[in-house]
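Coming up is one lone chain in structure tokens, specifically the form predicted on its own.
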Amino acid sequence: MIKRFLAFAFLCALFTTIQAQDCTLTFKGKITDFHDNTPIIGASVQIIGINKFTSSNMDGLFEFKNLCAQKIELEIKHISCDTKRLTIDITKNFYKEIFLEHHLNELNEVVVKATSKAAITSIEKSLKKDNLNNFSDKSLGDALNTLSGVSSLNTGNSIVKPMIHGLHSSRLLLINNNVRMFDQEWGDEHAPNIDINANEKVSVIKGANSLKYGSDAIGGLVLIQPKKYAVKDSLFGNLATSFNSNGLGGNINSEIVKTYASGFYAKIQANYKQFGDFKSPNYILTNSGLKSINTSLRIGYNTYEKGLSAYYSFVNNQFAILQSSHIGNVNDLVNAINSQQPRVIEDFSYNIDFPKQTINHHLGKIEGYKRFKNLGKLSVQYDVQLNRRKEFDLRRGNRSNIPVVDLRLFTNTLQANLELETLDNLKLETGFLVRYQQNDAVSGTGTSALIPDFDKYELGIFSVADYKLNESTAISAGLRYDFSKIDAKKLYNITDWNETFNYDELFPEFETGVINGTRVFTNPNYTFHNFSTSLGFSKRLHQDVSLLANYGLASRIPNPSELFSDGLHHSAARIEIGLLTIEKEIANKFMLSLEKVNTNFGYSISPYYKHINGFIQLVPVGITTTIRGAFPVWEYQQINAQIFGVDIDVNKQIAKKFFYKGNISLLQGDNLSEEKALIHMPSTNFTNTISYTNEKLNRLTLQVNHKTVLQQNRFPDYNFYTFNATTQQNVFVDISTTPPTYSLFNFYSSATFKTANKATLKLAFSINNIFNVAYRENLNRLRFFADEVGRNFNLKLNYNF
């Protein structure tokens, strides 16, 4: 009897439980585009773990019936969207609006195309990852030098500064991973501390459209961008190495990337590069090697709606500087100019001796973004940089290991941008930044600091807009305001302060005291207000032909070297003098471009004109004698200047597998104040490349390249006479006449082989300067002392897995 009662009670409880499980609930939803709320049709919706599927209708609506009260996981897929998963707790009839990103390119791995631009109306050229791989053992400046309108200011063959239309250093903005580089770019021999192996794409923006990054891009903008990763589970990487016969060195680079379907990703990359002494056609370039270690780390979470990422990179460069360029006085310079060979020629060595540079550069950033419905994307970024530059010279008394220049620059920036995305034809971006810089002239060098201690404060606000008038016409406009303050501390010789420069009358407010009656302690303070603007226009004249026009008003405040330099710049072997009277530069820039983007036959013709009021130039003004001997004196001056020219690019498919590509750059720079040519302007140069490509034969590529640089016949005459103590005579020093024309031929070949598991191995072999031509380049600061590098055989292996 008891057993029957218990069985009855159990059945009643079970019945009651089944009755309590409510499986009559309905879940309805709507799937729309995050951008514009338009319904997404045909998206598949699945409840994970339950065999229930449906899809969105013409209105983006879907529905599930007869659901039990429980927690479910939804998976929503659409061919043009990224797959999305949601967890929903169903306790009653439920409705939810779900947003999908209908622009997959924002998230997925992007195939970089030559036509992709930073802005609709921008005039720019880009280097793809394949192009950058060809320069894996070279510098950023070497890679950019292949683009029309871009040249370089070299110190030997290792220190390469990019120039755009004859302008360099602080007139160029270098944006690395959305961080403006501050690595003491003011010196002619200060190259950017950027590892091109860590990045996916480099763009040179010659026209306007740079206000988002700064107001002082008088020369242009170099935009260095990392790769974007697909939101999926994946593990891939790359191992690349190269070997060069000239310098008997090369590099090895490796990176590995892990991505997750959840949106998380991580990447680590490292590069090591080393070269010994390079060789010109006729002799060893003693003490010209380099050693470089670079590493970077990226981690983040990336979805269309929100994301957070962190990035860190470290660059350690050691550059040997040609030993023959170390001059004790101006007579050494005379002897170098009159001699056809370097003063020092020794056997090959990997040693990096004196003079040399060592630079450490740390860069870190944290960035987050969030998209708000019916508003747009808000991004906030904080970045910090620490640059330590040491320059070593050959010194007496075993003091060579003590740097003669030791500068530490600390920069940190907070910036926020808002991209409004609510209007179909209008893209509006506005933002602000706050930046603080501190320069520390590290004590203990035993020399006077070339650049003093200073603090610099910056505040900037900008707004730029792109508007599509119709399918073929677009305009852009931008406005930016910047406030800057420089607070420095510097000692002056009292004779220079009172008599040479008359600063005691011009800037009495800077004086804070006199030391021992011989030196004046000062506290220079400057504030600047900059307004900049840009206008752009683009018109598609035909299916593949476009006309672009850009105007930009840019302002650049003087950098501390132009204001405060005072002493011997050892690596440049000259006295450099800055002036407290230097004011900001103001430039008006005009640029046109007619472009035809077509594989069979394409071209771009881009004339430009720049008028710069208060152009700051560093020019030789005489000779002075120190306890080490006589040195040339270079002084910063302000003039009015103009630069104009044209860049022309052409590509043509000659036959089915044969292609031609060429470009020419013509430029003229004028010192309008003194009616003569500007110093250090690149001469006319042109390149021609014929290539054979066979995709079916392991992507075989054979390429012959030719480059000619004509002699620069327009140069200012800064020659001078000096007394030679050895010969007891006045001698003529020709530092102005430019080297003659030269032509170089190069060869490149590559093939790609498939290996296991979709991995590929690319082999590349190239010869630079095939005919071992001896030449000197006008824009190489060491052209007085030695020829350029001779023939080089290069072998590269690139394994992608």
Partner chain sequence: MKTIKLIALLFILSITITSCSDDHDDHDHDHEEELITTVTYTLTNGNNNVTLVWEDLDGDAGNNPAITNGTLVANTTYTGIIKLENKTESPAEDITQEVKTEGDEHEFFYETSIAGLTVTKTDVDGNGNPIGIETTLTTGSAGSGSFTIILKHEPTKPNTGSPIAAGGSTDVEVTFSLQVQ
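All figures in this text were calculated on a predicted structure; none of them were measured in a lab. Numbering follows the first chain given and starts at 1.
What follows is about the form predicted together with the partner chain, which we do not show.
Student: Is the partner chain close enough to Ala549, Asp717 and Phe784 in the predicted complex that each of the three has a heavy atom within 4.5 Å of it?
Tutor: Judged in the predicted complex, none of Ala549, Asp717 and Phe784 sits within 4.5 Å of the partner chain.
Student: With the cut-off set at 4.5 Å between non-hydrogen atoms, does Lys489 touch the partner chain in the predicted complex?
Tutor: Yes, Lys489 sits close enough to the partner chain in the predicted complex that at least one of its heavy atoms falls within 4.5 Å.
Student: Is Thr495 close enough to touch the partner chain in the predicted complex, meaning at least one heavy atom pair within 4.5 Å?
Tutor: Taking the distances in the predicted complex, the answer for Thr495 is yes, it comes within 4.5 Å of the partner chain.
Student: Do Asn351 and the partner chain come within 4.5 Å of each other in the predicted complex, heavy atoms counted?
Tutor: Because no heavy atom of Asn351 falls inside 4.5 Å of the partner chain in the predicted complex, the answer is no.
Student: At the 4.5 Å heavy atom threshold, is Tyr265 in contact with the partner chain in the predicted complex?
Tutor: Output for Tyr265 is no: heavy atoms all beyond 4.5 Å of the partner chain.
Student: Choose from 665-673, 163-171, 403-411, 217-225 the stretch whose residues reach within 4.5 Å of the partner chain in the predicted complex, heavy atoms counted.
Tutor: Contact criterion met by 403-411 only.
Student: Of Ala449, Val179, Met591, Val315, which residue is found within 4.5 angstroms of the partner chain in the predicted complex when only non-hydrogen atoms are counted?
Tutor: When the partner chain is considered in the predicted complex, the option within 4.5 Å is Ala449.
Student: Select from the listed residues Asn238, Gln712, Thr358, Asn335 the one whose heavy atoms reach within 4.5 Å of the partner chain in the predicted complex.
Tutor: Of Asn238, Gln712, Thr358, Asn335, the residue with a heavy atom within 4.5 Å of the partner chain in the predicted complex is Asn335.
Student: Does anything in 439-453 come within 4.5 Å of the partner chain in the predicted complex by heavy atoms, and if so which residues, in order?
Tutor: Those in contact are Asn439, Asp440, Ala441, Val442, Ser443, Gly444, Thr445, Gly446, Thr447, Ser448, Ala449, Asp453.
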